[in-house]
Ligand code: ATP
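Presented as structure tokens, the chain that follows is alone, the form predicted alone.
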């Protein structure tokens, strides 16, 4: 297996890191990419006010997910656990222990490549891994790269050095980006989920009021709570909520907020979900105590109200979006169906359900409830009482 190792302070991880990593991954035909945040850079201390090691690790993980390579990208905490100054030779040795039989490639930008001979144990570094250095254009880098390649080959004749041009790399200074974030800018250079996490945790001098976020800032914050694969669903639910709200007279802004936050706790496991239920005094029936998929609606509503200050109408739209209930409000119906039929959904009968929703909201709601009931029966699973009550209510009306 061919593995890329990309280290750095990632303070913060920005689109320059992401675009470069993706390009090198494809050009070198890597099988796996390891992102490794520094504990403490050997050449200079982290700037005052930098995030904690755990926060930089989380930002790096979120950035790595934006590559869209799924399990091929992994963020490692080996330098953070080791502590002290982060020397590349030691890190590569640790990676070699994890992958003793695989081919390692160390990824680095122009500046790092041109100073590699001054690093601690450069010969050991080149013995442990090939060097993959990237620049933005041939005219900017090739002449300098050629000189450095010659120097490194003299130091280590068996070195593997691969220099490449990555024209699409976003050129941004981390120092300038941090300054821009403190002044309310910087989002252009960050993946949305990374920017959202920065706003959420008030990093780099940001001070957003999470209870009064405009939609353009609520969206990235909401995305920072999600696994990457769930982002298209949530954005699709937002778009479908807009469409249904406009068609049936619901408040579009409230529908968008509910859609953006409806899955904010979806990635949590059972113990985390039940802990939130205890924290917020959420009572669970017997079925909910054992059905993980039912809990995120309740805990998500609680988080939406506690952290983002949503009102009761949005709270209940999130709370009931999984099961429904008898005599639902207009916004609850919109959220339930937006989650069900958003554009990325693909299951037998979804087109018929979409057509019913376009014809009449209650007709679509009843069809959706009955499809859920039938699916649960087919799988041999119990149906939540609120879903049955919602279906019976609609039959009587």
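For clarity, every value in this text was computed on a predicted model and none was experimentally measured. Numbering follows the first chain given and starts at 1.
Keep in mind that the form predicted in complex with adenosine-5'-triphosphate (ATP) is missing from the display, and what follows is about it.
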| item | value |
| --- | --- |
| All of 232, 235 and 343 within 4.5 Å of adenosine-5'-triphosphate (ATP) in the predicted complex, heavy atom check | no |
| Residue 25 within 4.5 Å of adenosine-5'-triphosphate (ATP) in the predicted complex, heavy atoms | no |
| Partner proximity in the predicted complex: residue 29 to adenosine-5'-triphosphate (ATP), non-hydrogen atom cutoff 4.5 Å | no |
| In the predicted complex, residue 173 touching adenosine-5'-triphosphate (ATP) (heavy atom, 4.5 Å) | yes |
| 4.5 Å heavy atom contact, residue 109 to adenosine-5'-triphosphate (ATP) in the predicted complex | yes |
| Interface segment, criterion being heavy atoms within 4.5 Å of adenosine-5'-triphosphate (ATP) in the predicted complex, picked from 269 to 277, 173 to 181, 70 to 78, 298 to 306 | 173 to 181 |
